[in-house]
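Encoded as structure tokens, the following chain is the form predicted on its own, with no partner shown.
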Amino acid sequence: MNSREQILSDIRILKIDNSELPTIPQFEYEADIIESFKTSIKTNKGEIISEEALMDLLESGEFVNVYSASEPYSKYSNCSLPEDPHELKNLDLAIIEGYFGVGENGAIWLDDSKLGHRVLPFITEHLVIVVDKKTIVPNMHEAYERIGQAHSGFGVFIAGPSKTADIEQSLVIGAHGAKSLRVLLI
């Protein structure tokens, strides 16, 4: 018997009583969750924008390559979603829809069912996420409960533009993803 088999044999011999998982309490959230969400997005270096501001942004000509996975803004797409995500390397602006937001930290849940390519929120230079105000939950406990056992293959919380400070302890925006995050609350 080798050492691996010996360890596994010793573990099988152990008699461990099953115990129930602890009950997670319902945490009361006394703040206005919409205002908390907005504050968190701003704290995370993101921006809350109005629909007018988004339209001005789209019509400004500032962004050469634009893709929208959000139906109301798809007419502003001037590029299609390629089969090879590497072809998105020059994408200036992506508009996508978030499933819900989290009031306590400004996180927005995305999964690949609405993205097209899971690389989309990371490869674009600038990102706009459309979130319905009615879908904002107070905290991460409720966010994970909402996700539940749903399986889409890929999911991610995004709470601001890409930031890192591990390079010489200097804050770098956009090193690992979008340089800016704008959130449109509808």
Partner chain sequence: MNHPVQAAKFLEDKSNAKWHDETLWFVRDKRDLSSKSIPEWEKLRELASGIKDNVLSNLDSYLVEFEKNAIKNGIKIHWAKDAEEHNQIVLSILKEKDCKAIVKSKSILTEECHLNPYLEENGVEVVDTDLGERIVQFLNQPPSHIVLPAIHLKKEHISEIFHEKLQTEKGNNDPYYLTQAARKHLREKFLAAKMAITGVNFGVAETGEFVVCTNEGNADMGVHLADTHIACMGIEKLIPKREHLGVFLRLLARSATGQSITNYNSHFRSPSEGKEIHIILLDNGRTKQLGREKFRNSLKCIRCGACMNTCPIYRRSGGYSYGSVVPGPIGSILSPGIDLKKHSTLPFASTLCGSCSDVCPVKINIHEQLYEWRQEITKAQSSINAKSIAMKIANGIFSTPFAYKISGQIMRGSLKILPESVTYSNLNTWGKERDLPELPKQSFKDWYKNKGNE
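Positions refer to the first chain, counted from 1. All figures in this text were calculated on a predicted structure; none of them were measured in a lab.
Quick note: we don't show the form predicted in complex with its partner chain, though the next part is all about it.
Within this chain, N105 lines the site of its partner chain in the predicted bound form, having a heavy atom no more than 4.5 Å away.
Proximity of A31 to its partner chain in the predicted bound form falls outside the 4.5 Å heavy atom cutoff. When contacts are judged by a 4.5 Å heavy atom cut-off, P85 counts as touching its partner chain in the predicted bound form.
At a distance threshold of 4.5 angstroms between non-hydrogen atoms, N65 is out of contact with its partner chain in the predicted bound form. Contacts to its partner chain in the predicted bound form (heavy atom within 4.5 Å) from stretch 105-144: N105, A107, W109, R118, V119, F122, I123, E125, N139, M140, H141, Y144.
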